[in-house]
Each structure stands twice: as C-alpha cells, then as structure tokens.
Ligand SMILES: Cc1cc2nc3c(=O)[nH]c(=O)nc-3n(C[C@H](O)[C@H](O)[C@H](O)COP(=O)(O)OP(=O)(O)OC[C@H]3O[C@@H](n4cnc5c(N)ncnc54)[C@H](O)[C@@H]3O)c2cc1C
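Here we start with a single chain on its own, the form predicted on its own, put down as structure tokens.
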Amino acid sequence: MSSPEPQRWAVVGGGALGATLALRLARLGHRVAVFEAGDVLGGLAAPWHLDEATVGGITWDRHYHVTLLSDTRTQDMYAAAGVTDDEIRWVETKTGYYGTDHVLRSVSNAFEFLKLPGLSPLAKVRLAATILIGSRIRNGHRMERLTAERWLRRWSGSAAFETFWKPLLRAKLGDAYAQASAAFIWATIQRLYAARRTGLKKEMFGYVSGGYSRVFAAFADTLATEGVDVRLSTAVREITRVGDEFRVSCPTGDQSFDKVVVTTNAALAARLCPDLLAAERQRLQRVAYLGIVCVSLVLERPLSPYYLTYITEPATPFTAVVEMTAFIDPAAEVAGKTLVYLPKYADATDPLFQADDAEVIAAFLPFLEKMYPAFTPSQVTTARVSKVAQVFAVPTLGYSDDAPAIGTSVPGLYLAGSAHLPFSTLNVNDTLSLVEQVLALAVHSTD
C-alpha cells in the first residue's frame, strides 16, 4: 500500500530504526531526508575503526550485537539494505559463568547448568521451571503487575533469586532492577524461546561479515540509490510546526517538511519538539533510562572459549565478558586478534560516565586479570571506551499503560524509540517492530 501522494519526510536519527523507516518511506514514493548527529549511519550499532598502525585497521561494532535465527525483522533489514545471505555467518556458541567462588565454568547446556554450585537440586529444578513458566505466558501485560524480584522469588525461591537472578538483574539493570517489572524477565525468556516456537531445532547466533559497518555501508548505498538525502554530522536543534509544514532547524540551516519522525531517546525528543503538549513532554521526560559504558579490547590471544560469560560476582565492575572472537572468525574479521567487550549498564549518575577513558580501562582490567589468571594488561593491543547515557527504557510497573505514544498531539509528528517498547530487552529485532507501527499511523491512515 502506498500513500495517496508523495510527501516530504524528515527522519531524525540514522540508526537501524531510522534508516529502515527512511528506506520504506522512499520505496513508498516519498521524498526523505535523514538527519544523523554522528559521522556514520548506525547509531548504537556504529563501528569503531581501531588503530590502523597498531592492529591493521580493524573495523568492528562499538557495542556487541548478535542476530538470532528467529530475528526475522533483522534479517529482512539486512536484505533490504543490500546484504546478501552469504554475508551472514551462523554459529553455535558456548556460554561461561563466573560466580562468587571466583571460578569460571561452562554453562553451555542443561547438564552443565545443573552442575553449578551454590544451589540445591530443588532450587535448580525451581529455577528451570521458572524459565519454562515464563516461556508459556503469552500476555506480557500481566507480567507488568509484579516486580521482577517478586515474580522470580515466587517461582524460583529466595535462594535461587539471591544466588542467581539478583546478580544477573543487577548486571543488566543496575540498581534499577528493584523497580523493573517482571515484563523484563518475560521478554528475555520469550526472545530465547522464539526459535523453538517456529520449529527450529536449535538456536544459532548470526553476524554479518564485517559487522554493522558492512550493514550500514550497504544501507548508505541503498538509501542513495532510492534518493534518500542522508545528512551525517547534522544534529537537529528544533522541530516546529509552521502552518501546514514542519521547520527542521540544524546548524546548516532550516528546511521544511510535511511529516517528521523522531527516533531519538525520549528526553531528547521532548527538547526537540516544543510544540508538544506539556503533558506529552512531561511523560517523555519521566522515562527512566539505563546507559552503557562499554570497553572494547583488542588482545593478542583469546581469554576463553566462551562467547558470553555471565558474572554473578558483585564486585566485578562490568556486566559480562563478551568474547566476540569466540563467535566471529578472528582471522577473517579482526586480523587474527581477539576482540572482547566489557559492558557496564548503569544510569547516567554512575561515576563511570564522568571518568575519562583511561580511568575506566584502569578500573576494568584488574578484574579481568582476576577472572583469567593467564591474562595480563600487556596483552592489550588497543582499547576503546564507548559511553551512551540513555540506551534502554526501564520497564517499570504498568509501563505499557503509561508509555509515550508514537502519534502525538502535533499532526504529522511521530516519535519512536526504545521508550515505545514496553516488552523488550533492547535488541535490533524488537526495535524494528516500531517500523510497521509508525507506517500504520503515519502513512496508511490520515491525520
């Protein structure tokens, strides 16, 4: 279905959501401009270009990303952007677990999981039953009535919550875990079980050769072919309604559009759009976000065989160890080096956001040495730190009933971002679900 007549569209934000929306709008016959503050497309999936002289010009993602076989929207995005199937690699991975006893163990299958120390056999059975129960719940709204802690204590018991769930919730949500509803746990379980529901025998992890740098390079070419005007390094200052048009103001000047979709975080959207009702701006400003501080390390040798190592030791300053080269082909992708991510999820008040990069790295490396006795800082070829203060909207109790709306009181102005995903763990596939919602409101209906 196409719009009755072509319109001039502005898409603010050139991440996966903004780029996909722009492409869909252009293919519906509209004239589209994308405004992206960064110097490349991609948003949170934008790449690092790591030390040409030191490591041979490695290019990879600033933050770790993975595609599941059941992530059909993500795979459709790849295809639409021009990434071919033979550029996607599917791999089985191993998972590690580092507990309060300071021992690194494999938990890559159910048998290894049952061997974990610190929980009685009954507690492990209850923990497994909790995951099964969560997989069978179809209505996420009912999960918003209870906090994650209360729901997990009910089904897993206090011992399993304190030993297993609480450290993982703290790692992913920081101190905000206490306010998070059980919808967060439900969304996590649903995503992991999605492939099994589609009849797939096992879940595989996928990546595009070249990382998201390759994806968004293909996107840039495809958008150009479709006539989309992509404006990089162009931060929008204000979006105002002037008569029947919108004026989008940025450092290079003002331009008029018929419709605008803003894909930034909620607080920024509130600042950019002064024509919103006071109640709308207040609702956007109330969204509680978590941010991420993510250290990327290029090492001379591997740390472990595990792609993802969960950490329940509370003193560890990072959320997990993501050894990307236990997943991707190191020889083909990163010049034979080892690529490791050390993410920390926290709100914007965490001191790490104010620390300089050297201080963050210095705080993280001693704990990496503790986890991996064979590791020494001398093995670090290069390190980078990415800080994004507002990444994930915390799903508080009853969040979906009070979530910001995509459509606004300003005709022709639409907002779409993680704040509009009440049942999500913040992944590309979930974010892309907003594309159809925006199009249904903005193109396939009349204002």
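Because the structure is a prediction, the values reported are computed rather than measured. Note that residue numbering follows the sequence shown and begins at 1.
Quick note: we don't show the form predicted together with the named molecule, though the next part is all about it.
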Within 4.5 Å of the named molecule in the predicted complex, counting heavy atoms only, one of 111-119, 266-274, 364-372, 279-287 shows up; tell me which.
266-274
Going by a heavy atom distance of 4.5 Å, is residue 399 a contact of the named molecule in the predicted complex?
no
Quick one: does residue 186 come within 4.5 Å of the named molecule in the predicted complex, counting heavy atoms only?
no
Contact test in the predicted complex: residue 63 vs the named molecule, heavy atoms, 4.5 Å
yes
Residue-level contact is defined here as any heavy atom of the residue lying within 4.5 Å of the named molecule in the predicted complex; does residue 29 satisfy this criterion?
no
Partner-contacting position among 403, 410, 385, 391 - heavy atom within 4.5 Å of the named molecule in the predicted complex:
391
Sort through 234, 255, 304, 222 and report the residue having a heavy atom within 4.5 Å of the named molecule in the predicted complex.
234
Within 4.5 Å of the named molecule in the predicted complex - does that hold for a heavy atom of every one of 131, 152 and 169?
no
Do any residues of 19-39 have a non-hydrogen atom within 4.5 angstroms of the named molecule in the predicted complex? If so, which ones, in sequence order?
35, 36, 37, 38
